[in-house]
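This document opens with one chain alone, in structure tokens, the form predicted alone.
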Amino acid sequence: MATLSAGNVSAAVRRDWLVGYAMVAPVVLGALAFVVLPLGMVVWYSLHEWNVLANTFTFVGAENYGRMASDDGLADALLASLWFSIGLVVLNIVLALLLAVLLNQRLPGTTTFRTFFFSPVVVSLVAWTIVWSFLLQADGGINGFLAVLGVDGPNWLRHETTAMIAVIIVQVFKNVGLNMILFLAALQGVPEELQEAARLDGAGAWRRFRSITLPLISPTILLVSIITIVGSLEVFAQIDVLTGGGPGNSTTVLVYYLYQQAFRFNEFGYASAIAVLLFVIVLVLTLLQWQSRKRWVFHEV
């Protein structure tokens, strides 16, 4: 009887294992097929000179990676990506947190206010960008509004500085609603007892926010910062629709430069090397943020 029971237990354990493997198999196979395999193929392509028009595929080793060191266009793209990422991350996170704090006050009209800022998140990215491209023209709606105030607005998309500012602002307004909702959920999870205790001890609003609220929502700040930084390095459609990388190369970010090398100049091998560089940059930044969490994220040790 004991042997039979052990056999039944063993069969049940094997059955549980099979069920578990069957549950995770779609995710694992999907990751292998759509993440690991394409990444491996990109690395393989980056070691070749691939000319689609001439139908040649020649192994060149690390030549494409060596070419990056002397590519002024790549340097400009990295600098543009840096400015875009800094502007987007700072404005997005600060504005999203400010809006979440205001919504958390439960003032009249907060539902309408929340809907107004979240609605761009669900709007088509291309449609959103096209509308803004008309608004930002020299005779568009933005300058029309400024003219009413007596201000002569620039041609936002035709000057290097204003073009980058315009692209950043369009992207901020597109996604700030999502981060706002994440921050709002975190703020509503802060225990009211801690706020009340600090208030009774004489702590002002800013001191309570700095010493209680910010530490308690720091895990959400980490999540939002990772999502926003990764998203800022993957921007493409906004650049393509609004500026086409111009004027000059002022808004040619890394992903758009990769696109130009692959689909305009047919340098697929070099474009693959740039894609590997982008992957490494995203991976390093994400790991740095993840490692730094132990110093400032609440509950992390």
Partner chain sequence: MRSDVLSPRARRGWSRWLLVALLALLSVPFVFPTWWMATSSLKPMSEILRRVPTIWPQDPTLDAYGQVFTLQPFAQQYWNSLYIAALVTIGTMLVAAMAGYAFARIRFPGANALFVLVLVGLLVPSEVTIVPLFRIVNSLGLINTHWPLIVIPILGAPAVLAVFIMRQFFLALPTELEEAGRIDGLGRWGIFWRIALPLSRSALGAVAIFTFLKSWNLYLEPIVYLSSKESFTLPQALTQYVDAYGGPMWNVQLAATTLTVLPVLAVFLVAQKQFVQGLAHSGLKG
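Rigid core: the largest C-alpha set superposing within 1.5 Å between the two forms. Positions refer to the first chain, counted from 1. Quick caveat, the model's predicted, so the values are computed rather than measured.
The same protein also exists as the form predicted in complex with its partner chain; that form is not shown, yet it is the one meant from here on.
Query raised in the report: Within 4.5 Å of its partner chain in the predicted complex, heavy atoms considered, which of 164, 190, 91, 79?
Result: Residue within 4.5 Å of the partner: 190.
Query raised in the report: For residue 186, is any heavy atom within 4.5 Å of its partner chain in the predicted complex, or not?
Result: It does: once its partner chain is placed as it appears in the predicted complex, residue 186 has a heavy atom within 4.5 Å of it.
Query raised in the report: Hey, in the predicted complex, does residue 200 get a heavy atom within 4.5 angstroms of its partner chain?
Result: Outside the cut-off, so no.
Query raised in the report: Is there a heavy atom of residue 268 lying 4.5 Å or less from a heavy atom of its partner chain in the predicted complex?
Result: Looking in the predicted complex, residue contacts with its partner chain include residue 268, since a heavy atom lies within 4.5 Å.
Query raised in the report: in the predicted complex, does residue 30 have a heavy atom within 4.5 Å of its partner chain?
Result: Yes, residue 30 lies within 4.5 Å of its partner chain in the predicted complex.
Requested in this report: Any residue of 172 to 186 with a heavy atom within 4.5 Å of its partner chain in the predicted complex counts; write them all down in order.
Outcome: Heavy-atom contacts to its partner chain in the predicted complex: 173, 176, 178, 181, 182, 184, 185, 186.
Query - Displaced residue check between this form and the one not shown: residue 19, CA, 2 Å or over, core reference - result: Where the cores coincide, residue 19 still shows a C-alpha shift between this form and the one not shown that is 2 Å or more.
**Report entry** Rigid-core frame, C-alpha of residue 122, shift of 2 angstroms or more between this form and the one not shown
**Finding:** After core superposition, the C-alpha of residue 122 moves less than 2 Å between this form and the one not shown.
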